[in-house]
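Have a look below at one chain only, the form predicted alone, in structure tokens format.
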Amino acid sequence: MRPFVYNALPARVVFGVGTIGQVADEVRRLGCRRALILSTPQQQGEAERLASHIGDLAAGVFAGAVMHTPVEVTEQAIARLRDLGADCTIALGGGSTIGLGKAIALRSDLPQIAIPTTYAGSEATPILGETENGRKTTQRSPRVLPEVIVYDVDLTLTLPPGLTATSGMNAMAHAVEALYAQDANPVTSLLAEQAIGILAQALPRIVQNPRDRAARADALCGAWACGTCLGSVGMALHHKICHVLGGSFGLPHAETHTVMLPHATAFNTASAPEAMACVARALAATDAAQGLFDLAGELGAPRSLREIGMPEGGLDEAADIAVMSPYWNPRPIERNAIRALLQDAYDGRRPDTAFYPTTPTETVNV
């Protein structure tokens, strides 16, 4: 076994059915008395119901969270937090809302509680992605890791099948990249393979029957495991491209991950064969990239950048940005290869490692 370093992340996880009823106790456990509840505009009703439930512990609601965590929205939320004298935040929602909670924590160092209603998995990571002036950047800091995560299976029962599919594929991307990350280790690799398998089995069941509570519980647990993997290791090509497409072109986060994951996997297959064998095994497929592509199809999820709003004329710019400051990747990054990968994803072509042969001219841009 090769040498490795594993960093365990400190976090309290409350998982079950009806656990939203324990939020008030968790606020008190943090020593807090005035929580600002965060949500998107679409989930403002749920946020206000939570505020009513916890009573005097709620300082108020900020329902302005949006995709990709724009800095200007964070500044608005912090102004609201200060006006209300809040001493902690509660993020109720998906990755957009949880990202806002993280951005506030980075600037204020106030404790936060995350209550995920999707399978994004970002609540389990010390990673924050923010958008400013059309560019999305990420950073890793223990300050942005939520102190408490409350998983309530019941909150996911009304998540539409389409969002369930893309959110679950988004979570799966965290585990896939964890298997070939620069700092991959046996602990996260075991967890990643298990998480991929759990989601691959649960998501089709949910799409067929969205009220399947057992499948919902499996998917939520799998999403937590995927996020835990990402939180313990670094990111690579897949996440870099998704951050470019989301931050610079405004593409929807989960859908972008869903489309790009099979193609980034195919691109890296020859350079990370052991990792890809784990992915294929978890999917019960013969090929990791094609297994992911086929799973997305089975779930009725989008499989091309064209159908989620990417302009074909922006592919050249996306390739340029992606190689400008790339994340570490097991295969060297070369602009023409990335451009070809993006074209295949735009067209929705079924991935094949033969589409991305390595060449002697490839260089590492890290």
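Only a predicted model underlies this, so the values are computations on that prediction, with no experimental measurement involved. Throughout, we count residues from 1 along the sequence that is shown.
The same protein also has a form predicted together with a small molecule, omitted here; what follows describes it.
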Counting only non-hydrogen atoms, which stretch in 94-102, 258-266, 188-196, 273-281 is within 4.5 Å of the small molecule in the model of the complex?
94-102
Thr158 within 4.5 Å of the small molecule in the model of the complex, heavy atoms
yes
Hey, in the model of the complex, does Arg80 get a heavy atom within 4.5 angstroms of the small molecule?
no
Under a 4.5 Å heavy atom criterion, is Thr125 part of the interface with the small molecule in the model of the complex?
yes
Though only this chain appears here, would Val148 touch the small molecule in the model of the complex if you measure heavy atom gaps against 4.5 Å?
no
Please identify the residue among Ala173, Val244, Ile206, Ala120 with any heavy atom within 4.5 Å of the small molecule in the model of the complex.
Ala120
Tell me, which of Cys32, Ala59, Ala337, Met67 has a heavy atom within 4.5 angstroms of the small molecule in the model of the complex?
Met67
